[in-house]
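Here you get one chain, nothing else, as structure tokens; it is the form predicted on its own.
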């Protein structure tokens, strides 16, 4: 097996501004088994919203600490606790059900955030493909020169987002619904727009622990194996958003009063997130996006 051709591609984000260290994802030439010394690096990324979430459990907000009303202060609190490799700014405020911010307002928030946070950035919208089509290109222009990982590109909006990534020198997060053939097809379509394969990171629409993780695991594992066999259309590094999937489960959200037999909510929820993260790291993920700083630290203790 030739490691120069049969391995994951590498994608580098960040590093464009003075003082900001670049983050290289991917490049694995084997499956991540064996001793910690033989495992590939897995980047820890922490999720920050541009507006305070209204329905997160108290144990999660207490774990984060700091002010969730200000994304910069939120990010700094996470940096102090976790020392993450990257920060993910979710522009949830563009959702009409929350702040309903315009693309220009989102760009102002993102630009201020980028000016204060000296880490590689992942920047995603509110989860609506139609809304992200409007918001992300404007934000990408505002962050030109930072080489962010922007998203999320899917079948309905990939042309617009790929064009923005190419125009303003960003990388692109490509999302498909847990299907290896669809992931490969989307990568090919994005490449056809002119964005090279080494500027794409895959997201297989991962599931939470106990809610389909094993199926997503198998798709990610097969994608890694395809890369090791030389398929460059499936050789992109993979990202997993652990936090959103964990904190929508009843096991993480139920209080000890609601489910006394389940034990302390904070301990239980933190383990729910860190165990899912460890599983996806074994499946080949290169970038893990957490919400709980305690879960991120637990994962590092296990993985490192």
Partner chain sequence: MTGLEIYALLPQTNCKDCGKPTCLAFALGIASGQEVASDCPHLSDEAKDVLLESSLPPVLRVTAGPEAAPLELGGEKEIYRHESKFVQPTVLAVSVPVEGGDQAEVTSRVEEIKALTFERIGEEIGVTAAAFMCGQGATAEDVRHGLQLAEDAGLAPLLLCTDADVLAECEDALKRSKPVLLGVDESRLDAFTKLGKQTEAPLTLVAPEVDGLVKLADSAKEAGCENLLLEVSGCGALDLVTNLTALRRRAVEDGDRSAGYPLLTKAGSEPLDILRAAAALCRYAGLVIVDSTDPALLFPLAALVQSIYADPQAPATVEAGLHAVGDPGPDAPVLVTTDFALTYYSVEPEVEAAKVPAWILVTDSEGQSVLTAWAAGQFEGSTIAKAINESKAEERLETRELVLPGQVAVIQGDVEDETGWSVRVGPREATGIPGFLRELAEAKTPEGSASDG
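Since the model is a prediction, treat every value here as computed from it, not as a measurement. Positions refer to the first chain, counted from 1.
This protein has a second form, the form predicted together with the partner chain, left out of what is shown; the following refers to that one.
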Query raised in the report: How about residue 262: is it within 4.5 Å of the partner chain in the predicted bound form, going by heavy atoms?
Result: yes
**Report entry** Close approach of residue 185 to the partner chain in the predicted bound form, 4.5 Å, heavy atom
**Finding:** no
Query raised in the report: Can you check whether residue 218 is within 4.5 Å of the partner chain in the predicted bound form, heavy atom basis?
Result: yes
Query raised in the report: According to a 4.5 angstroms non-hydrogen atom cut-off, is residue 159 in contact with the partner chain in the predicted bound form?
Result: no
**Report entry** Residues 16, 43 and 81 all lining the partner chain in the predicted bound form, heavy atom within 4.5 Å
**Finding:** no
Report task. Could you tell me which of 264 to 272, 234 to 242, 60 to 68, 44 to 52 sits within 4.5 Å of the partner chain in the predicted bound form, going by non-hydrogen atoms? Result -> 264 to 272
Query raised in the report: the partner chain isn't shown here, but in the predicted bound form which of 92, 227, 209, 114 has a heavy atom within 4.5 Å of it?
Result: 209
Requested in this report: Sequence order please: the residues of 267 to 304 with a heavy atom within 4.5 Å of the partner chain in the predicted bound form.
Outcome: 267, 268, 271, 272, 274, 275, 278, 279, 282, 298, 299, 301, 302, 303
